[in-house]
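The chain below stands alone and is given in structure tokens; this is the form predicted on its own.
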């Protein structure tokens, strides 16, 4: 039985990951640590595990891997502490808010000889797995361009506090698509241009829409919209869509459109129940296997670093008003 601990429930994805650990026959959610004790105790009760208020004692326990779902700026400190304690790490995206922090996290885990994974569950969406297979079979030939979106509902709280999040919707919703395109094409991003701002939610102090224009190796052009434009009543948190334009044709994918419409009197709004696969479960299952087999998770810390490099370049472009090179 592989023993997993959760570090922080600040990010809403933590609940899904905790539930996924509890679904696995070969894993146990052994303990929760959270710097918000009331939240940690509540989550421990909900997921039938133990809350530990002392992080040092939590990391000194017999857990073998941790899933970090804190505010973005806290990822580095928690990852370094976990690595020093010899624990495998799965960190929520973005891996960090700066390139230096992301590099430090990768280096700390390498030095400690523990695996570091980045939470990019889109790689486990059935629709995107099918798309990758088609691209690998050469159905599109050379890919010339991509048009993508990641639109979601405004998550509130610390997500709109740049001191904790590192940025708004551009930070929150660009990294997923960057990772998917790297995974699909095997190419790296080279340039970024971005215009963003607060266009929808007038009472926040960060960007809620980002229009991002990117280049990849070989001149592949990418147009991307990242936003918090979905209403509170929207059935799900958002979307990931891609249109790939290649020499042999075009493929359009709505990654989360495998769904059933649910009308819930409990929630008092429509909901989407996805079918055909659980991408969070796939992510967590692969992380648990990596912990057990003492290897790197399939979606690595380096993958997380590459996505951070693109996002940081996008914000640098906003500041300069120019297309900038993606540092690596």
Partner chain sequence: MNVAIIGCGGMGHMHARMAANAGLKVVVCGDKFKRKADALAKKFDAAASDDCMEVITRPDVDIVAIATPTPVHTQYVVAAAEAGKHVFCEKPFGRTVHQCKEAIAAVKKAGVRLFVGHVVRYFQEFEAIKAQVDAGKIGRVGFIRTYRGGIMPEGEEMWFRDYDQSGGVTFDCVIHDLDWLRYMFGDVDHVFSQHLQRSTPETMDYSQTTLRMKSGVIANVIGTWAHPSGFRVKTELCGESGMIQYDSAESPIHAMSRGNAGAGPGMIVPSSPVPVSPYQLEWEDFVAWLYEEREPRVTAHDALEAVRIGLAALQSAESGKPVFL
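Positions refer to the first chain, counted from 1. Since the structure is predicted, the reported quantities are computational estimates derived from the model, not experimental observations. Think of the rigid core as the biggest set of C-alphas that the two forms share within 1.5 Å after superposition.
The same protein has a further form, the form predicted together with its partner chain, not shown here; the description that follows concerns it.
For a residue to qualify, one of its non-hydrogen atoms must sit within 4.5 Å of its partner chain in the predicted bound form; all three of 230, 243 and 321 qualify. Residue-level contacts in the predicted bound form: of 213, 84, 103, 182, one residue has a heavy atom within 4.5 Å of its partner chain, and it is 213.
Only one of the listed residues (107, 145, 135, 204) places a non-hydrogen atom within 4.5 angstroms of its partner chain in the predicted bound form, and that residue is 145. Across the options 91 to 99, 191 to 199, 118 to 126, 159 to 167, residues that bring heavy atoms within 4.5 Å of its partner chain in the predicted bound form belong to 191 to 199. Although the partner is absent from this view, residue 72 stays clear of its partner chain in the predicted bound form, with no non-hydrogen atom inside 4.5 angstroms. Proximity of residue 247 to its partner chain in the predicted bound form falls within the 4.5 Å heavy atom cutoff. Shown alone here, residue 221 lies within 4.5 Å of its partner chain in the predicted bound form, counting heavy atoms only. Although the partner is absent from this view, residue 256 stays clear of its partner chain in the predicted bound form, with no non-hydrogen atom inside 4.5 angstroms. Annotation: Cα of residue 51 displaced by less than 2 Å between the shown form and the other one, core superposition.
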